[in-house]
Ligand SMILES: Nc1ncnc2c1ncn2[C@@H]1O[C@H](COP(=O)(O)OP(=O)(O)OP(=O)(O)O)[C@@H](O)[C@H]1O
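Taking the form predicted on its own, here's one chain by itself in structure tokens.
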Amino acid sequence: MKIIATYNIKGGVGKTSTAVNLAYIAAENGYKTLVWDLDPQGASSYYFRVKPKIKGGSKKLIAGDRGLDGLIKATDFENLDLLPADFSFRNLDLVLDARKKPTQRLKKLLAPLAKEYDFIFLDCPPNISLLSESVFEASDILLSPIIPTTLSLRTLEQLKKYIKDSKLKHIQLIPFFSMADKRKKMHREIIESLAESHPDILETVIPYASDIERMGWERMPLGGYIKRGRSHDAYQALWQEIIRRTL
């Protein structure tokens, strides 16, 4: 089982669309896949038409009073399940802080699912917190979408420094460009310059495109309503690049 967290300190960079679309592609390729929507806004849950509600909320979940398997919902897509968000997740930091070894809680909760899933995607809220520390401990891969802007690049450097300072040697940070508009000179220049100075950035670039924005209207992954096109091909290429780098 591989646990992939889509994460960035900055919001609005395409974390949820990445988690949802890559999970769909993994499932389409025959991998048993789960998305855990950790963001209290519940965007992943919305895309999969699942009500963002967990009975007992985050407190009982983190306390271990309920296992994750009883909370998992099937989606409309074969091999693809969802653990929906709950608005109480906004208090996850407080709930975790009240537990012993708080940064190990997510890892412990996910461990029993190893025999059931090939991939688990964690759709994470944007911040550095006790929850994100727990995500880092639980994950094998930290997939970080970055917009080709100076502020977004700054958050990548902050994230790299945090991982190094925290000695998180088990986790593989994989950044890639998201929501890129190659009609903009600045976007083109940043993509070109960063590819040279940061060889760890994936070659695949996810475009800023209307068909991705349609996900909120269609309430499904991109591949659920289109089968070809620039965005669809980009996510397919991104998945193949991740597979080549990590497996």
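Note that residue numbering begins at 1 and tracks the sequence as displayed. Quantities reported herein were computed from a predicted structural model and do not represent experimental measurements.
Just so you know, the form predicted in complex with this ligand exists too; it's not on screen, but the next bit is about it.
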TODO: Consider the chain as shown here, without its partner, and state which of I191, I201, A209, M220 has a heavy atom within 4.5 Å of this ligand in the model of the complex.
DONE: A209
Open item on the list: Given that this ligand is not shown alongside this chain, does P84 nevertheless sit within 4.5 Å of it in the model of the complex, heavy atom to heavy atom?
Closed with: no
TODO: Classify V13 as contacting or not contacting this ligand in the model of the complex by the rule of any non-hydrogen atom within 4.5 angstroms, answering yes or no.
DONE: yes
Task: Touches this ligand in the model of the complex: E213 (any heavy atom, 4.5 Å) - done: yes
Open item on the list: Within 4.5 Å, heavy atoms only: does Y47 come near this ligand in the model of the complex?
Closed with: yes
Open item on the list: For the three residues L34, D118 and G224, which mark the spot I'm curious about, does each lie within 4.5 Å of this ligand in the model of the complex through at least one heavy atom?
Closed with: no
Open item on the list: For a quick check, can you give me the residues of 124-144 that have a heavy atom within 4.5 Å of this ligand in the model of the complex?
Closed with: P126
